[in-house]
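There is one chain below, alone, in structure tokens, taken in the form predicted on its own.
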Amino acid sequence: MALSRRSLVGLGVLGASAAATGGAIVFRESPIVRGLIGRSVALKGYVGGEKMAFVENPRTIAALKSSALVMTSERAGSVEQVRDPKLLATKPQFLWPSSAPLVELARRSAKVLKDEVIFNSPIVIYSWKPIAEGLIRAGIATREGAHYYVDARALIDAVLQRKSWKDLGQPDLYGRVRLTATDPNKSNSGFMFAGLAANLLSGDVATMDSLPGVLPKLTDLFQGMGFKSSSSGKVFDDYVAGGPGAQPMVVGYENQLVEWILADKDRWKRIEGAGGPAKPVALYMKPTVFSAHPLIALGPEAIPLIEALMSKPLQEIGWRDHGFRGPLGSVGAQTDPMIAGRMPDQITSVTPMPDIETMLTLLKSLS
């Protein structure tokens, strides 16, 4: 039956009204509009300790709020985030660990809606200027401009061989060479260093076939460290507080020293001006592994958080204020003058991590 002209007009008005209503809802729910009218989505989740300063940065908070997002974050070790049933039972909307392989572990424990690498940071060894110079004299390290580089396999061998500090060109330190990492079953920096050590001792990327041959040395390497913290941030704090005698070499992320310098520029000026031995330095390992920082969205409301963190303003905050490289290991366009030249533009000597099954076997042996 044909509709009357009046009916057609009525349907047209109704359709236009529905479209306008729907459009208004979409408009109001867009992140930009929500930000302008003060309606923000609060997201709760877990973040690796090395990123807490970025998350708590007032500039980060303001940039996220302009996208109508508020992060309520708790510090948790990267490996714990994706494996601990107690943490996952709290129903986090996002996880932000510090290693791409951990995304696979997250998929085994929770439903991952989306994941994307936000930052990158190479694993480095933090030490002190006299120790770095001693390693150069011992033929284990080199200096290229402002950057120190260390032969990672030679250093691991020196630790395993129980060499003394005197053997490594540092007669003032007591006892044998010590290197400290975090607990690889809880924290990502220890997890990544364990994978790197497995590769180096295997002579190639470690596999399920090659791992049994190097497990005794890997176990010896980590057992010799004694107590291992579950937090990369805690290890770095202990390092700068303890000085060369207490904490001669620790495994960490490249960005940690940058953050520490920028947190108190006057303190750093005093350290550089004093010319004393207690000056922190980063030793870039050859080869090293890149610590990727993937944001894992477990709830649909956390997907816009990935998009926001990948935006240019937040990427620049990550680099300028905290020393985090971009997703491809790139440096930002703006660098704080205090840290200019402190980090090499490119990290070229990088080895891939072993696959997740190999790493799980390794973690079990180191637990």
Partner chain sequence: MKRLAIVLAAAAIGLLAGCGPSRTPFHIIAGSEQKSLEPLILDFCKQQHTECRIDYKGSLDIGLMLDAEAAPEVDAIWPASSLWVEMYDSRRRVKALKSIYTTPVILGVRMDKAKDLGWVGRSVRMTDVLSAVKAHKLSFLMTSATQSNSGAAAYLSMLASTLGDGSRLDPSALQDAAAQAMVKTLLQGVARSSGSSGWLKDLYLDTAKAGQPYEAMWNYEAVIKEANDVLRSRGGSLLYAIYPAEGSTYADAPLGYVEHGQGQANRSFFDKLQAFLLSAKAQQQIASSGRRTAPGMASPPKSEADWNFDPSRTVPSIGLPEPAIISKSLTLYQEVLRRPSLTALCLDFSGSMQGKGEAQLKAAMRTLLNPSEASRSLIQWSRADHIIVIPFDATVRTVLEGDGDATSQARLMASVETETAGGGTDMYACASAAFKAMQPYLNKGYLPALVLMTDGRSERENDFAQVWRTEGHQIPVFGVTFGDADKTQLNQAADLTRARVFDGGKNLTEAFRSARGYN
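This one's a predicted model, so the numbers in the text were calculated from it and none came from an experiment. Positions refer to the first chain, counted from 1.
Although not depicted, the form predicted together with its partner chain is the subject of the following passage.
- Although the partner is absent from this view, P244 contacts its partner chain in the model of the complex, with a non-hydrogen atom inside 4.5 angstroms.
- Its partner chain is not drawn, but in the model of the complex it has no heavy atom within 4.5 Å of P287.
- Looking at Y148, you'd find every heavy atom of it more than 4.5 angstroms from its partner chain in the model of the complex.
- Mapping the unseen interface onto this chain, Q223 counts among the residues with a heavy atom inside 4.5 Å of its partner chain in the model of the complex.
- Listed residues R143, K234, R107, K129 were compared with its partner chain in the model of the complex; K234 is the one with a heavy atom within 4.5 Å.
- Checked against its partner chain in the model of the complex, the residues K166, R178, R153, K114 give one hit for a heavy atom within 4.5 Å, which is R178.
- Contact check at 4.5 Å (heavy atoms) against its partner chain in the model of the complex: none of V103, F119 and K364 pass.
- Heavy atoms within 4.5 Å of its partner chain in the model of the complex are found in exactly one of 70 to 78, 94 to 102, 289 to 297, 201 to 209, that being 70 to 78.
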